[in-house]
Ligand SMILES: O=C(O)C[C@H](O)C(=O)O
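One chain is shown next in structure tokens, namely the form predicted on its own.
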């Protein structure tokens, strides 16, 4: 199979850069259901722009290309050992070309392998079947949504929903609770795969398998079909909305599967996937290794513009101008006085230098000095995709990462270094909110997954520190212009994230009573 490595490489590139048609249609349905003038509507518009930018630039839709997970069905007699070697070669090549971010990290030392290879990475599941094609599928599921996966052991007591028993009602409550607990941290509006039964391992595997189903398919089990439809309708009544900003659209798809279980165990496993639902597959000739057909319809040619946008471009330009008039420009370094004038809901535009910082950097700064003066600075929770040539480093993708991971450190670091703004996604907790108020700083929510949209705002890479942490965790010093984000936690003690969480908790209680009787 001389062409197999090339076919896998093409599969990786297509999965990373071009959302399939069924996902695009689901996003467009979400946009149609949301008021374009709201924060959630603005986020969905940005998402739509990012999808088209990624396709046009052949660059990652989201900078977090996740843990590449391949599911491969092979005819009897196929050499799976050689296929695995070719998959490894394709992954290395895609990483070198900036289609995958180097995401394989040693769990004990924290060292990044740099090529996405290492014990357990990438994930490859082989299974033989009686057909004469090779069926290979790939899902790129980022860490932000992976962290919102959840597994329930029934019976259980669930916040807002009461007791969940070992029946369809208990399953229903678990799935709704799974959507509620994700809030905006999984880059909603999202998709979920649900596995009922199995053991702890196979339950999660079944849940992830559901994510390979087509969004518009119909479950062959009538009870699960009704449950899928119910969850999709009910979850969108929780008011969590895109990015957790509040709104009408929280969930874009729900797929549920069931398998037998042990008498003593009853697991409900939920795999949460962000709006950047990157999965694709191909049928491959077992002799040549060439792609015979794609398994999901290509998204190319499906416009992400709404019908109203296409029909009213003049009105759209007027809206864009009005939005610009409401924007507040912040030039770094930023003063405390400027920060104190901001409030939740303000749209700000950053100009000047900002600095990326994730888990490794925050931990390091707790006990060490910063490599440069951070007084009045902006820290961006981001692990970009970077490529280097003779002219230096270039940003290929640069969306925000989930901020709540930095909650143990953020407040202390704000005060220690005089940082005035933190950019991320999903919001942060009470310790950070208190520090924002006491020190005079704000949290700015960027649009999760919009890696191309934000990469375009980065005009230069001024430098980098801590490369020993690996590319995603290094401290990149980036010159930006036109970097827009929304104030969701201000210096006066207000938090949009806390408000949405409280409101959605109250709405969750309406689903406490039985439905399937």
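Residue numbers count along the first chain shown, from 1. Here the structure is a predicted model, which is why all the values come from computation and not from measurement.
This protein has a second form, the form predicted together with this ligand, left out of what is shown; the following refers to that one.
Contact check for residue 279: every heavy atom lies farther than 4.5 Å from this ligand in the predicted bound form. Not displayed here, this ligand is kept clear of residue 452 by more than 4.5 Å at the level of heavy atoms in the predicted bound form. Among residues of the shown chain, residue 491 is not one whose heavy atoms approach this ligand to within 4.5 Å in the predicted bound form. None of the heavy atoms of residue 114 is located within 4.5 Å of this ligand in the predicted bound form. Only one listed stretch (406 to 414, 281 to 289, 143 to 151, 349 to 357) carries heavy atoms within 4.5 Å of this ligand in the predicted bound form, and that stretch is 143 to 151. For the options 210, 402, 250, 95, the one in contact with this ligand in the predicted bound form, meaning a heavy atom within 4.5 Å, is 402. For the residues 420, 255, 173, 101, the 4.5 Å heavy atom test against this ligand in the predicted bound form is passed only by 101. Contacts with this ligand in the predicted bound form, taken as any heavy atom within 4.5 Å, map within 44 to 77 to 63, 64.
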